[in-house]
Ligand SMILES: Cc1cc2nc3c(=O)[nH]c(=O)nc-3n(C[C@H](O)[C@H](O)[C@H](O)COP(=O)(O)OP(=O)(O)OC[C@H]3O[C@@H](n4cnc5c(N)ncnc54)[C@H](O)[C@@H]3O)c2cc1C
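Here you get one chain, nothing else, as structure tokens; it is the form predicted on its own.
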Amino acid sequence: MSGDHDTVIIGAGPIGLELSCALVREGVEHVVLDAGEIGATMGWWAPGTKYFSSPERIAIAGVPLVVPAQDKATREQYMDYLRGVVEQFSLPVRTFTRVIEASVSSDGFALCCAPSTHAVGGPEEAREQAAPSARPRPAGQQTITCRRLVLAIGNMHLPRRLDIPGENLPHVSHYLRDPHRYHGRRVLIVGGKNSAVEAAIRLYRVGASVTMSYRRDDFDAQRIKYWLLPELRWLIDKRRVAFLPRTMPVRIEPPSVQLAPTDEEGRPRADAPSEALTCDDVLLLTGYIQDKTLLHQLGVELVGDEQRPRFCAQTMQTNVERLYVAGTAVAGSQRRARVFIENAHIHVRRIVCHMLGREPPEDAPMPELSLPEN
């Protein structure tokens, strides 16, 4: 696996693969590395999860994404599609290859890699983060060098933790697993955005007793798939799903969770007592954050509350020469999604144009050194 490459792309998600397709077409020698499988982030979504975007908007490299009944694509359909693109273009993808250390050299970059058992992020990574002694020591390390490096690493690696007692207990998870396992269970879902709303609906439909705790008064319709919110509101109105607004957990002690009332900022109120809610499972679906290890190692400057990598929007090059970012990696730990697959395709053209010394695409903005707020 060791050796020299013109370009290395870290991340075999949709945008990383789309960039690989573009480099294949241009005859640029490269390799794509990923610590997990192709489209690894989708691997920890619950079976049958549908995309918000239409198939046309998440298709890559000019290859149509055809979905039965002309519906939104499920994660399974999209993973099938991505595998097909890899096969069609014979993309040089090396899965289960984790970059454990990256550094800048005089003529490019040096990447220390090791075989991996899972992707960066997801339930396995969260368990290892919670119990560092359980993380296996990397074996079989080898070095890859390259002249140019692209970080298409995504930004949903680790759960946004509440840091409360009991958060690491076995019946507590930051990920919705196969809904079937929750049949007949009393489930507390914490959160009020897409993942929490979808989990509440799906678990109700498989026969779980569902209670939702949300720190705000009501859901934000702008942050939830438009077809889900009316369904959830109906279930709440008909008392099929219990909804506890302006609450949040402060302690988890089996078989109950202590829920405290929140203030206008969504923080626990110190002047009001908490109440116990009995449950069998707790799903803390409160969002995810980016693993910034490689960004730190490579000297990429991070800006703003979301710690976004600094880059030129016309070329996608960071403050480090010949180091690019692409896809949702550009957005840091997003609290309000502004960058996703469908509006990140342009990153591929910007990077290829800069690598090959061409004029940037016409829809590229004037150069700026951070992600626009709007």
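From 1 onward, residues are counted along the sequence shown. No experiment lies behind these values; they were computed from the predicted model shown.
Unshown form predicted in complex with this ligand; subsequent notes refer to it.
Listed residues 65, 61, 31, 42 were compared with this ligand in the predicted complex; 42 is the one with a heavy atom within 4.5 Å. With the partner removed from view, the residue among 149, 212, 153, 285 that has a non-hydrogen atom within 4.5 Å of this ligand in the predicted complex turns out to be 153. Using a 4.5 angstroms heavy atom cutoff to this ligand in the predicted complex, all of 49, 52 and 294 count as contacting. In the predicted complex, this ligand sits beyond 4.5 Å of every heavy atom of residue 306. Not displayed here, this ligand is approached by residue 341 to within 4.5 Å at the level of heavy atoms in the predicted complex. For the chain shown alone, residue 331 is not a contact residue for this ligand in the predicted complex, no non-hydrogen atom being within 4.5 angstroms.
When this ligand is considered in the predicted complex, residue 119 lines it closely, a heavy atom lying within 4.5 Å.
Note that among 252-260, 95-103, 231-239, 139-147, the stretch whose heavy atoms approach this ligand to within 4.5 Å in the predicted complex is 95-103.
Contacts with this ligand in the predicted complex, taken as any heavy atom within 4.5 Å, map within 5-22 to 10, 11, 12, 13, 14, 15, 16.
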